[in-house]
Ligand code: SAM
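Quick setup: one chain, the form predicted alone, written in structure tokens, and binding and motion questions come after.
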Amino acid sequence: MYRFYLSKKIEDPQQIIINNKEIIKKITKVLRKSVGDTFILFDDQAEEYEVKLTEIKKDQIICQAISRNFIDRELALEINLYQSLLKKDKFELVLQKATEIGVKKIIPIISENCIVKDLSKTKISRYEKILTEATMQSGGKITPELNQVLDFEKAIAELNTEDFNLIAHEREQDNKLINILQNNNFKKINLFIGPEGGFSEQEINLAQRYSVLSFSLGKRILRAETAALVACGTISQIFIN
């Protein structure tokens, strides 16, 4: 069943008014829904409802809740992905798939080997749309937060030492990610993934001075976008509800 995200709390489940033009177009023009048809709505409070379409107007549609769902599809811990900026398609892939996996927050960072150095308002708007659509597609209830861009050094310095802080490093020999995750009861993992070319030695050394643990994803050298998704996927499978 099709799912749609409302960026505000559903106050009255018996009369849900949808004003979002894109959602209205999708429901009425693309899916060709009519009065009496049903679909799923969820809001920024993680409430999910099966609703019936009761009225279609030019600039809004009105729905009525049939049932309220309490399905929990979120991970048992919080993954915050500190992803070095990548070229457009690669960064969009990470955003989409990390959302499907269940990452809670994505913090774009600028590290030494980044080719992309900033994000325009247009890109941010597009990225937020990708996060919303991936949340709807995957059955998630909470759309990941896309934070402002941070310099690597600032991101490292602002970490909470009570969290489990990890950084991917292709030259790490001892700490395999799967091993360091076993038999630990983490509540929050802050995961740093580098750009094309990885993190520099100076950046790895800085991270280690802040007690960020470097880890390996195996003997092969993975592309940045692949490393992000393998790492997030590995964590999610260990801490799945």
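The first residue of the shown sequence is 1; numbering continues from there. Predicted model, so just to flag it, every value in this text is computed and none were measured.
Keep in mind that the form predicted together with this ligand is not shown, yet the notes after this line are about it.
Trainee: Can you tell me if I23 lies within 4.5 angstroms of this ligand in the predicted complex, counting non-hydrogen atoms only?
Mentor: No, I23 stays farther than 4.5 Å from this ligand in the predicted complex.
Trainee: Would R220 count as a contact of this ligand in the predicted complex, using a 4.5 angstroms cut-off between non-hydrogen atoms?
Mentor: Close contact exists here: in the predicted complex, R220 approaches this ligand to within 4.5 Å, heavy atoms only.
Trainee: Should A224 be counted as a contact of this ligand in the predicted complex, where contact means heavy atoms within 4.5 Å?
Mentor: Residue-level check for A224: yes, a contact with this ligand.
Trainee: Under a 4.5 Å heavy atom criterion, is L81 part of the interface with this ligand in the predicted complex?
Mentor: So L81 does not count as contacting this ligand.
Trainee: Have a look at D37, E55, E50, E196 for me and say which one sits with a heavy atom within 4.5 Å of this ligand in the predicted complex.
Mentor: Contact residue from the list: E196.
Trainee: Quick check on this chain: which one of E92, E74, E170, E145 has a heavy atom within 4.5 Å of this ligand in the predicted complex?
Mentor: Of the candidates E92, E74, E170, E145, E170 is the one lying within 4.5 Å of this ligand in the predicted complex.
Trainee: Look at the stretches 188-196, 25-33, 60-68, 205-213 and give the one with heavy atoms within 4.5 Å of this ligand in the predicted complex.
Mentor: So the stretch in question is 188-196.
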